[in-house]
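There is one chain below, alone, in C-alpha coordinates, taken in the form predicted on its own.
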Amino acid sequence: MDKDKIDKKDHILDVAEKVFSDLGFDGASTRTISGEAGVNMAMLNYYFGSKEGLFLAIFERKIASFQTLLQNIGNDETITSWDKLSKCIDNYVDRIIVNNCFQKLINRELTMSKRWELTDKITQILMVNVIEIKKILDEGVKNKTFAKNIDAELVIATIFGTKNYIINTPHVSSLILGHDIRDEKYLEEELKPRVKIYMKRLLQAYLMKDNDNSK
(Lines give C-alpha, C1' and ligand atoms only; values in the text may rest on other atoms or scores of the structure.)
Protein backbone atom coordinates (compact mmCIF):
# COMPACT_ATOMS: atom_id res chain seq x y z
CA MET A 1 0.00 0.00 0.00
CA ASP A 2 1.51 3.36 -1.00
CA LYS A 3 2.06 6.20 1.46
CA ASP A 4 -0.97 8.24 0.38
CA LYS A 5 -3.26 5.29 0.93
CA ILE A 6 -1.69 4.53 4.32
CA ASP A 7 -2.05 8.17 5.38
CA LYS A 8 -5.70 8.24 4.27
CA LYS A 9 -6.44 5.00 6.08
CA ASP A 10 -4.79 6.25 9.27
CA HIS A 11 -6.75 9.50 9.00
CA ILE A 12 -10.03 7.58 8.79
CA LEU A 13 -9.02 5.47 11.81
CA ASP A 14 -8.12 8.58 13.82
CA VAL A 15 -11.49 10.15 13.10
CA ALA A 16 -13.38 6.89 13.71
CA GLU A 17 -11.64 6.41 17.06
CA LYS A 18 -12.91 9.78 18.27
CA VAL A 19 -16.43 9.27 16.93
CA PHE A 20 -16.74 5.79 18.47
CA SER A 21 -15.37 6.99 21.81
CA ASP A 22 -17.89 9.84 21.89
CA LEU A 23 -20.95 7.99 20.58
CA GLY A 24 -20.21 4.31 21.19
CA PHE A 25 -20.48 1.56 18.61
CA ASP A 26 -24.27 1.72 18.44
CA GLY A 27 -24.48 5.52 18.32
CA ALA A 28 -21.84 5.99 15.64
CA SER A 29 -22.52 5.47 11.95
CA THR A 30 -20.18 4.99 9.02
CA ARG A 31 -21.88 7.94 7.33
CA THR A 32 -21.01 10.19 10.29
CA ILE A 33 -17.43 8.92 10.28
CA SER A 34 -17.01 9.35 6.53
CA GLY A 35 -18.36 12.88 6.80
CA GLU A 36 -16.04 13.78 9.68
CA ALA A 37 -13.09 12.25 7.82
CA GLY A 38 -13.93 14.00 4.56
CA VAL A 39 -14.08 10.79 2.53
CA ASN A 40 -16.89 9.10 0.65
CA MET A 41 -18.62 5.94 1.82
CA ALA A 42 -17.13 3.92 -1.02
CA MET A 43 -13.60 4.59 0.22
CA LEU A 44 -14.50 3.73 3.81
CA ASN A 45 -16.13 0.47 2.74
CA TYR A 46 -13.17 -0.35 0.48
CA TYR A 47 -10.72 -0.11 3.35
CA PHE A 48 -12.79 -1.62 6.16
CA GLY A 49 -15.83 -3.40 4.71
CA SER A 50 -18.29 -2.52 7.47
CA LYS A 51 -18.73 -0.58 10.69
CA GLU A 52 -17.57 -3.61 12.66
CA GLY A 53 -14.50 -3.94 10.43
CA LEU A 54 -13.66 -0.29 11.01
CA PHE A 55 -14.19 -0.67 14.75
CA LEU A 56 -11.91 -3.70 15.00
CA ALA A 57 -9.26 -2.01 12.83
CA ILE A 58 -8.92 0.70 15.48
CA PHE A 59 -8.07 -1.89 18.11
CA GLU A 60 -5.78 -3.86 15.82
CA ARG A 61 -3.74 -0.78 14.92
CA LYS A 62 -3.25 0.26 18.54
CA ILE A 63 -2.49 -3.19 19.88
CA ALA A 64 -0.19 -4.19 17.01
CA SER A 65 2.18 -1.28 17.63
CA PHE A 66 2.45 -2.10 21.32
CA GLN A 67 2.83 -5.82 20.61
CA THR A 68 5.86 -5.09 18.43
CA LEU A 69 7.38 -3.05 21.23
CA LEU A 70 6.78 -5.82 23.79
CA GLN A 71 8.20 -8.44 21.44
CA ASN A 72 11.35 -6.38 20.95
CA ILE A 73 11.76 -6.10 24.71
CA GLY A 74 11.08 -9.81 25.20
CA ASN A 75 13.63 -10.78 22.54
CA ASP A 76 16.41 -8.61 23.96
CA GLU A 77 18.96 -11.12 25.25
CA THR A 78 21.18 -8.42 26.75
CA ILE A 79 18.90 -7.72 29.74
CA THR A 80 17.43 -9.82 32.54
CA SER A 81 13.84 -11.01 32.74
CA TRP A 82 13.21 -8.49 35.50
CA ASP A 83 14.60 -5.65 33.36
CA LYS A 84 12.32 -6.77 30.54
CA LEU A 85 9.28 -6.67 32.81
CA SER A 86 10.37 -3.29 34.19
CA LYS A 87 10.61 -1.86 30.66
CA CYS A 88 7.19 -3.31 29.82
CA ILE A 89 5.70 -1.58 32.86
CA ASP A 90 7.28 1.75 31.87
CA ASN A 91 5.92 1.53 28.34
CA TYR A 92 2.53 0.23 29.42
CA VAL A 93 1.99 3.01 31.96
CA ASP A 94 3.10 5.67 29.48
CA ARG A 95 0.62 4.41 26.91
CA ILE A 96 -2.47 3.65 28.97
CA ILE A 97 -2.57 6.19 31.79
CA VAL A 98 -3.87 8.88 29.50
CA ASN A 99 -7.20 10.56 28.89
CA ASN A 100 -7.43 9.66 25.22
CA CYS A 101 -10.12 8.39 22.90
CA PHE A 102 -8.82 4.83 22.78
CA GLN A 103 -8.96 4.34 26.55
CA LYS A 104 -12.51 5.71 26.58
CA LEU A 105 -13.35 3.32 23.77
CA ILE A 106 -12.00 0.26 25.59
CA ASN A 107 -13.80 1.20 28.78
CA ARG A 108 -17.10 1.86 27.03
CA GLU A 109 -17.19 -1.30 24.94
CA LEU A 110 -15.72 -3.91 27.29
CA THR A 111 -18.00 -2.93 30.18
CA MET A 112 -21.16 -3.43 28.14
CA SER A 113 -22.99 -6.72 28.47
CA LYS A 114 -24.22 -6.99 24.89
CA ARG A 115 -22.65 -7.67 21.49
CA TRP A 116 -20.83 -10.79 22.69
CA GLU A 117 -19.35 -11.63 19.30
CA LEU A 118 -17.81 -8.20 18.84
CA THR A 119 -16.63 -8.08 22.45
CA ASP A 120 -14.98 -11.48 22.00
CA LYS A 121 -13.11 -10.20 18.96
CA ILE A 122 -11.90 -7.14 20.86
CA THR A 123 -10.80 -9.32 23.75
CA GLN A 124 -8.83 -11.59 21.42
CA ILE A 125 -7.01 -8.55 20.02
CA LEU A 126 -6.17 -7.26 23.51
CA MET A 127 -4.96 -10.69 24.61
CA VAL A 128 -1.95 -10.59 22.28
CA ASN A 129 -0.18 -8.22 24.65
CA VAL A 130 -1.16 -10.28 27.67
CA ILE A 131 0.56 -13.22 25.99
CA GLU A 132 3.77 -11.20 25.52
CA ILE A 133 3.87 -10.34 29.24
CA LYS A 134 3.21 -13.97 30.11
CA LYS A 135 6.20 -15.03 27.99
CA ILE A 136 8.51 -12.80 30.01
CA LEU A 137 7.15 -14.14 33.29
CA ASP A 138 7.57 -17.72 32.11
CA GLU A 139 11.11 -16.97 30.95
CA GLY A 140 11.94 -15.50 34.36
CA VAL A 141 10.73 -18.63 36.11
CA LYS A 142 12.66 -20.86 33.72
CA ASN A 143 15.95 -19.00 34.13
CA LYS A 144 15.35 -18.69 37.90
CA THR A 145 15.17 -14.91 37.99
CA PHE A 146 11.65 -15.28 39.39
CA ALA A 147 10.40 -17.68 42.03
CA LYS A 148 9.15 -20.94 40.57
CA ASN A 149 5.79 -20.78 42.34
CA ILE A 150 4.62 -17.36 41.15
CA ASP A 151 1.03 -16.91 40.04
CA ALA A 152 1.68 -15.43 36.59
CA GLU A 153 -2.00 -14.96 35.80
CA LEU A 154 -2.61 -12.85 38.90
CA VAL A 155 0.55 -10.84 38.23
CA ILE A 156 -0.92 -9.96 34.83
CA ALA A 157 -4.27 -9.15 36.42
CA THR A 158 -2.48 -6.86 38.87
CA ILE A 159 -0.69 -4.98 36.08
CA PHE A 160 -3.79 -4.47 33.96
CA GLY A 161 -6.21 -4.19 36.89
CA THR A 162 -4.39 -1.29 38.53
CA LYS A 163 -4.77 0.72 35.36
CA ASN A 164 -8.40 -0.26 34.94
CA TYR A 165 -9.35 0.90 38.42
CA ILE A 166 -7.54 4.23 38.14
CA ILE A 167 -8.66 5.15 34.63
CA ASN A 168 -12.09 3.52 34.47
CA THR A 169 -13.35 4.86 37.82
CA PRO A 170 -12.06 8.45 37.65
CA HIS A 171 -14.39 9.88 40.30
CA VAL A 172 -13.38 7.30 42.91
CA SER A 173 -9.68 7.18 42.04
CA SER A 174 -9.50 10.98 42.06
CA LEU A 175 -10.78 10.99 45.63
CA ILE A 176 -8.37 8.22 46.66
CA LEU A 177 -5.36 9.94 45.06
CA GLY A 178 -6.40 13.41 46.18
CA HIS A 179 -6.17 14.86 42.70
CA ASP A 180 -8.31 14.96 39.57
CA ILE A 181 -6.85 12.24 37.34
CA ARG A 182 -8.33 13.98 34.30
CA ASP A 183 -5.71 16.70 34.78
CA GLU A 184 -3.19 16.00 32.01
CA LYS A 185 -0.31 17.74 33.80
CA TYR A 186 -0.92 15.68 36.93
CA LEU A 187 -1.06 12.47 34.87
CA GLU A 188 2.27 13.13 33.17
CA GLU A 189 4.27 14.67 36.00
CA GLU A 190 2.98 12.86 39.08
CA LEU A 191 0.69 9.91 38.48
CA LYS A 192 2.68 8.04 35.82
CA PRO A 193 5.96 8.07 37.81
CA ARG A 194 4.04 7.10 40.95
CA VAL A 195 2.36 4.13 39.29
CA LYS A 196 5.63 2.93 37.75
CA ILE A 197 7.42 2.97 41.10
CA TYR A 198 4.53 1.27 42.85
CA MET A 199 4.13 -1.49 40.27
CA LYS A 200 7.85 -2.26 40.18
CA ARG A 201 8.24 -2.38 43.96
CA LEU A 202 5.15 -4.52 44.32
CA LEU A 203 6.05 -7.00 41.60
CA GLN A 204 9.73 -7.21 42.47
CA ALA A 205 8.88 -8.07 46.06
CA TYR A 206 6.56 -10.82 44.86
CA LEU A 207 8.46 -12.23 41.91
CA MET A 208 12.06 -12.51 42.97
CA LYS A 209 13.21 -16.01 43.73
CA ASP A 210 14.36 -15.39 47.32
CA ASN A 211 10.74 -14.81 48.34
CA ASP A 212 8.45 -17.67 49.33
CA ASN A 213 5.18 -17.00 47.50
CA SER A 214 3.50 -20.17 48.70
CA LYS A 215 2.62 -18.69 52.10
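A residue's number is simply how far along the shown sequence it sits, counting from 1. Between two forms, the rigid core is the largest collection of C-alphas that superpose within 1.5 Å. Owing to the predicted nature of the structure, the values given are computational and were not obtained by experimental measurement.
From this point on, the text means the form predicted together with the DNA, which you will not see here.
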**Request:** Could you work out which of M43, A147, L177, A157 is the residue within 4.5 angstroms of the DNA in the predicted bound form, going by heavy atoms?
**Result:** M43
**Item:** Residue among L187, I167, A28, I63 with a heavy atom within 4.5 Å of the DNA in the predicted bound form
**Value:** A28
**Location of the DNA contact in the predicted bound form, chosen stretch of 55-63, 147-155, 33-41, 167-175 [non-hydrogen atom, 4.5 Å]** = 33-41
**Request:** Give, in sequence order, every residue of 169-186 that has a heavy atom within 4.5 Å of the DNA in the predicted bound form, or say none if there are no such residues.
**Result:** none
**Asked** Would you say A42 moves its Cα by 2 Å or more between the shown form and the other one, aligning on the core?
**Response** yes
**Item:** Core-aligned C-alpha movement of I150 between the shown form and the other one reaching 2 Å
**Value:** no
**Item:** Flag for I12, CA shift 2 Å or larger between the shown form and the other one after aligning core
**Value:** yes
**Request:** Have a look at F20 and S174: in the predicted bound form, are their Cα atoms closer together or farther apart than in this form, given the change is 3 Å or more?
**Result:** closer
**Request:** Note whether the distance between the C-alpha atoms of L54 and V130 decreases (closer) or increases (farther) in the predicted bound form, against the displayed form; the change is 3 Å or more.
**Result:** farther
